[in-house]
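Take a look at the structure tokens below, where one protein chain is shown in two forms, each on its own, as structure 1 and structure 2.
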Structure 1
């Protein structure tokens, strides 16, 4: 292949944008990784223009990192995976973006994570991080479970564990539940007790609550009754969600996210036995999707 041919070749960009950062990866038509990028928050639910700027920024970084000119953006086929675009109005709004790419193929972050985990093949993933959700893609059908966000759902997630831990402490302080080690955990994490907890955390974000999660799991390990009740309820939900995903008969099943290791200890053995390691990152999953959607034959 001549250098000229390479210059005219399509390039594939994968974007994985979430609430705190946006990752990018640029690959050649033959699949070689040429460059990567990392920018800021890219969940359109928390700000559309900031999300689009982060995507643009991450894309430019990947191009620079690959030693290419910004003009080469015209031959980039982008797979853009974002949190939040499971909501139809946000999907439509991002899809209407006058993007700088030759083509843009938009998908949810979860779909990309699933494709990445299974090398672009059929499979299922469950995410246990600050939030929780599940996704399966099998024989052209896809299935999304959970992912309803901190206030309305996300059971078994880090933010949920933390919020439930704080509620248990407040009940214990009112004498409406037995004393719990979680009171020390709350003091250690946030430096407050009693009504100061309410003042400090009444308007906090999910990530603030997630900070308490590992201490809730630790207290459960040590046999604290309140922590055990919380962790078991969360694990039971994750078991049920996993079982529902496995009904779709995915060839592979992976669990990803910051709490995926710790929470597996509390999940049922039958589910844990089905878990296989993810094979790749979500931004690579986004490239799988973009390639498939673009259906372009490279000469």
Structure 2
């Protein structure tokens, strides 16, 4: 589609913001993808200013990728899906943002993931990325599970795996737990050991710990006892989360997120057999929502 064809029409933007990145997708009124963007962390729980800056940056990248001017932002109806806005105070704070769009319709990242995975139809979705959570929408009922943040929950997620891995290393360093391959892996990654690990990581964000998840999974694949215990505990939680979602009898069930494929290898066969591939991405789900809500606003 030429840019002349979209010169005056409304544009729809989908934003999917989580603990490690913020993705955007810009589409025409007819649904053709015009441009995409990728920015940094966008969970307001871990920094409101950073989250809003990431949203703005991802949106501007999508416009630029589409060959449009930044002034065209005034024609954009945005569906903004974020981790963390399941908390009412954060939802209100983001919703009060003086955003650059013609309209902004805020939703949770889980809601968007579910809409995207099932083309706007009923279904359930489990996210296994920096965090972990589940959502089902069936016949007008919704069920939200998890999403409590890695300090209080998010078992089986990348941040949880990484944090548990560091704790296992520190216990081993103090001689309070058996030696683990994770100690060597952390040393190779950061060049530190002992109390230097504490100094290096004590102020790290969830996204920083999420990057360590691969070390834990690799150690588990090699039979390391500490890593195996961590991964199996995380997988058992994800199994339980999936079973709870399936009690809602969703017509489809999908699993998404950067660790979804790797963690499925450790989950129960009965749960994995129920998983169907997502039909679309969360940012497309956010566009579904933006379209619906813009019609309600006009009416």
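Note that the structure is a prediction, hence the values are computed from the model and not measured. What we label the rigid core is the largest C-alpha set whose atoms superpose within 1.5 Å from one form to the other. Positions refer to the first chain, counted from 1.
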Only one of structures 1 and 2 is the form predicted alone; identify it. 2
After fitting the rigid core, is the C-alpha of residue 101 off by 2 Å or more between structure 1 and structure 2? yes
Residue 30 C-alpha shift between structure 1 and structure 2 of 2 Å or more, rigid core reference: yes
Two-part rigid motion between structure 1 and structure 2 - turning angle of the smaller part, in °: 16
When only the core is superposed, residue 71 shows a C-alpha shift between structure 1 and structure 2 in angstrom of 8.8
Rigid-core-superposed Cα shift at residue 290 between structure 1 and structure 2, Å: 3.9
